[in-house]
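Here we start with a single chain on its own, the form predicted on its own, put down as structure tokens.
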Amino acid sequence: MRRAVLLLIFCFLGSTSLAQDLLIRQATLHVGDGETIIENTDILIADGRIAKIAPRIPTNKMIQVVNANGRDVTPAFFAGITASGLTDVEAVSESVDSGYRELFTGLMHPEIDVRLAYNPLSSVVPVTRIEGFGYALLAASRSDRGIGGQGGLVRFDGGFSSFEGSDVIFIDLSGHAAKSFGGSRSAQWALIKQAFDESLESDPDDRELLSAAGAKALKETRRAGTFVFHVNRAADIIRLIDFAKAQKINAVVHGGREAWIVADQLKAADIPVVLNALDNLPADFDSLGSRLDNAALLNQAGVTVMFSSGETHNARKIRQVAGNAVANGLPYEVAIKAMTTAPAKIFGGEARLATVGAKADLVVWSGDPLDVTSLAEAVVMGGIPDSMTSRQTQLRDRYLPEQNALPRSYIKP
């Protein structure tokens, strides 16, 4: 039976790349709202969107069918805060466009937008997509001036302008950043506040840290965008909460290793946290309070939690990150929400709920989506089935020998 199902899925994946009517049969559908699972249901996809969710939807020869046979189906996962499409080989400088270093201007540069360098043809994108990940937050990496620049959400549908959501500016508040960004945390905060104050100045002569373009970018983002602050230490998170309130900005904590200590304050300020639930040991003096149940404690306090693995080439590890959070107390469906709909809502993207009318970005899983032994068997982006090929699969198919005498790891499946 399983072989027949897989053959049917392979036929499905080999179909035309044009959006067409599709029907997923007998799915266990995780809606992505943090609580709802619909068992033994069909999902009809038409014109790139979910048209109907119900048991035993009638079909015809014009509708392609995928038999999920009770397996899990989720919205395509969020790949975290990454440089996917911005970095191919980190050791090759011309393939790295995720940020900037000193521009010899002595200024901060929030106007630098890494989305302008996004390349959907990067080998990293399909490698991530066929693992069940449909979108990510493109990040401007930490610079030597504290403000990394702008980024935003991108869909992994292969398009050159597949951006959505609001503008996001990335600011590093770590102890490491403080060394080059003012020399200490006190100087760091003084410079950040000065930059924000300068963004409201109309006279260029009154600015020392921002160009006209930088002031405009900072001003527009504080009005209608989001600021992601890389920060781990509880004391620094408290300062961030006060700063965000004073500046009236939408803030998100990235890192948050000690966020559980100030969970109630984060909830009161309505500040979400993007964390890596595998971070359980101190990496530096900013993260002495790291613990495995960080996500669970934040969720109990009512804080919105999201995940990021901290890696671009291994963004797929987020499933393991989320699974680890569940193993340490985070409710299962809350973890699914953290990987599907929560990031889209926080960063202003299109809703990722698996409901009627939503864009059909869906994944059929071989088993539990948060089990590292499970695989994405079929990926649908905007109603278009993915070919499930990447540079990695092509290299595997070209060089992996078919010799049954060798162990399983050395032969083609």
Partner chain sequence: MFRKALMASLAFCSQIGIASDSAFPSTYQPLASEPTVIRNATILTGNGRRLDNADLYFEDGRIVWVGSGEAADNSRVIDAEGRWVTPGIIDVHSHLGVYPSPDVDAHSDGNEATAPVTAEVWAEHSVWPQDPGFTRALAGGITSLQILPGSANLFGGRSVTLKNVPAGTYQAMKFPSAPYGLKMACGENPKRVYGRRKTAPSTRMGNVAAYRSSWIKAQRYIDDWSEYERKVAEQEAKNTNAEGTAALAAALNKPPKRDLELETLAGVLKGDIIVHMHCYRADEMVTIMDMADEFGYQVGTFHHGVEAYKIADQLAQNGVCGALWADWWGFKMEAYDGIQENIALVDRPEGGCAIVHSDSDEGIQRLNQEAAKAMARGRAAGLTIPEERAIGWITSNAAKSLGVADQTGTLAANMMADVVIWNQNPFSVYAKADQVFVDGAQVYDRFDATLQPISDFELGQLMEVTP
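Residue numbers count along the first chain shown, from 1. All values reported here derive from a predicted model rather than from experimental measurement.
A second form of this protein, the form predicted together with the partner chain, is not displayed here; the remarks below concern that form.
This chain is drawn without the partner chain; in the model of the complex, the residue among 258, 236, 167, 72 with a heavy atom within 4.5 Å of it is 258.
The contact residue chosen from 199, 141, 308, 324 relative to the partner chain in the model of the complex is 324, the criterion being a non-hydrogen atom within 4.5 angstroms. Only one segment in the set 157 to 165, 237 to 245, 112 to 120, 289 to 297 has residues whose heavy atoms sit within 4.5 Å of the partner chain in the model of the complex; it is 289 to 297. Taking the partner from elsewhere, residue 60 is found to have every heavy atom lying beyond 4.5 Å of the partner chain in the model of the complex.
Within this chain, residue 88 lines the site of the partner chain in the model of the complex, having a heavy atom no more than 4.5 Å away. Within this chain, residue 313 lines the site of the partner chain in the model of the complex, having a heavy atom no more than 4.5 Å away. Remark: residue 212 does not count among the residues lining the partner chain in the model of the complex, judged by a heavy atom distance of 4.5 Å or less. Residues 260, 261, 278, 280, 281, 282, 283 of 259 to 283 are found to place at least one heavy atom within 4.5 Å of the partner chain in the model of the complex.
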